[in-house]
Every structure is written in C-alpha cells, then in structure tokens.
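Only one chain is given next, in structure tokens, and it is the form predicted on its own.
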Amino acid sequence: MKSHYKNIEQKLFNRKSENALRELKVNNELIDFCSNDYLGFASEPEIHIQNGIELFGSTGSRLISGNHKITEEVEVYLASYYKAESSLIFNSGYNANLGLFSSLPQRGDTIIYDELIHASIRDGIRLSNANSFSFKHNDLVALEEKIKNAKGQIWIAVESVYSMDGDEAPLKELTQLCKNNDVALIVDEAHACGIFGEKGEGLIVEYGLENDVFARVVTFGKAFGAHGAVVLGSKLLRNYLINYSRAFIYTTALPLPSILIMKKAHTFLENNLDRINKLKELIKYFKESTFNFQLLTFNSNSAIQCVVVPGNDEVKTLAEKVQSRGFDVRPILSPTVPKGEERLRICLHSFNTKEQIAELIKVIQD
C-alpha cells in the first residue's frame, strides 16, 4: 500500500511544481466577480424559503421509491418554459451530460465535439462505446470535414456559451449544417439559461431553434442559484433516458425542496426580468470600458469575461493582487485551459455596480 500513497504523492508534487495545485477555499467577504450566481438568485429569500408545504427527503432512485408527482409536475412546467416537448430532471449538469452522452451514442457511431467542450461532456463521451473526435473551436469548415469522415450515426456536442471563454457557438449555422447532414445536435446551455432569451430560456429559444436540436442540457446551478439540471427533448428521448441512462437509473432522486426551488427560481425570474436587463447593461459597460484593453482576447457578450495572463505564476500573482484590493476574482490555470492562455475569469452579476467594475478594471491595469 505504500507504493500507492507514493504514486499519489508524486502526482500532487507534479501539480504543485507547475503551480497548478488546486485547493478548497472558504467563501470570503470580497466583492463577488467569480461565482456563477449571475442574477443573485443563490441568496434570494423568495426562492429558498419555503412555507406551506410538507417536504420530503430522498428515499431512493426515481425508478424505485424516489419519484413524486411534484417532480413530474415540475418537469412538465420546465418543458413548457423552455419550449420543449418533454424534460427529465437530473441531479446536476455533470450528471446530465454523463447520462446523456454515455447512453445515446452506440458502438460504431461517432461523436464530434468542440475542442473547448466541458469536462462533463468529455467524461460522458469516454463512457460511451462510440468513436469520438474534436474539431477546432467554432470552426464549421473543420466540423464539416469531420462529418464527411464519420461513421454510423453522428452526434455533435457544443455549448451555446462556453464556460471558460464566454463566447457563443454559431448555433444558426450549426443547426443548418446538422440538418443538411442528418446529424443530431446536442447543446449544453449551462451559461446561457437565465441570461439569454425573453425569459432566460437560453440562446436556442432566443434564436428560435428549439425544434432543430436533438437535446438541450439546462443546469440550474448557475444563473438560477439552485441545484440539479434538466435534459430537454422529445418524449421519446425522455423514455429512452429513463431506460438506458445509468446516471439517472442508479442515483438517489433529488429531495423535493431541490425540485421546488427549480420551479420557484423560474417563476421568480418571470416576475423580475429586470435582473437580466441589469446584467446585460453591466456586460455592455464592461466591454465598453475595456475596449482598448490589450489583454482581453475573447469576444464575449455573456457574463463571462476574461483577462489573459500567460503563465500560472503570473496569473496567480495578479489574482492575489486583485483579491487584496477587495475583489474576488479567481485565476484559471493550465491544464484547465491550454498553456499560454491562463486567465482571470471575471463573472459579472446583476448585483455588481458600474463603480465596482470600474475599480476592478483599474486594479487590473495598475
């Protein structure tokens, strides 16, 4: 057993020598420019304080004892909200992507994914028996070449808004390409839902493409300040996942408080759409204020903005400086992003102010 610990110790030493060792940090009192709580819903009492209903904890998987009529009612509500035929709740976005990609593509099929796709999708792909290839980020020419050489049924995986760069996938062109080639498109909307669309339904609905994608994954741990996720698609897809998705079948169901918070967050947003408008105003202000900022290299219209500072040592030093001035901005290190593209990932929120943003920019530029 000593050799096992020695191997683990060596792995951690290697990570530390690259100044890339991850450590847990307790939440602090700094001004938040790092969380995914884009609309401030995570601390909204109207969403999280529940009265007047008897709530239950988890008792088992949904196929055994953990299903409840409230859960199915919320799934119907979410399907309607996102203009989908059907929906199925998963315990997290990671769990949803794992369950979706590990069960749908079969041996002999091909999954083609954007090179910047989220780790949860990559892990789901690894668990499938399908062939898989990446294509250059948002490069439709490269994607079409991959499609020409693919075998079996073809599945394309993209994010509508990319979690590290904050830029958008060319969704309109993607859906047309998939139509032309009889390809199924799966879109992760984790960082678009709650922000884009008339009611925060995401970019797919904003562009009117909900009938042109095979499946969407919407997670509630970002703008909605909740837990869990939902896979949106046809009734056929829902029934398939209930029968074949091991990540759904073999996990304990979410407790009812989590299910109800999903719905409350959406109804609260419908009555407080000004938060989306406030966030978009701040995104515009940030972009205008950094128009000539040489370190900004990604064209993002989302809440995610980046300042590229190559090198783990360099970006950590800048992050510590910014934190010492009262702003909670975290460094994103390699290998999470490619070497040379280390960055400060700045998340904007509806509760931030223009004054805070202006001061943050000044601190970074000093």
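The numbering used is simple: start at 1 and walk along the sequence shown. Just so it is clear, the structure is predicted and the values come from calculations on it, not from any experiment.
There is another form of the same protein, the form predicted in complex with a small molecule; it is not shown, and what comes next is about it.
For the three residues 94, 188 and 219, a heavy atom within 4.5 Å of the small molecule turns up in the model of the complex in every case. Here the chain stands alone, but in the model of the complex its contact with the small molecule, taken as any heavy atom within 4.5 Å, falls in 155-163 among 104-112, 155-163, 74-82, 250-258. Looking at residue 118, you'd find a heavy atom of it within 4.5 angstroms of the small molecule in the model of the complex.
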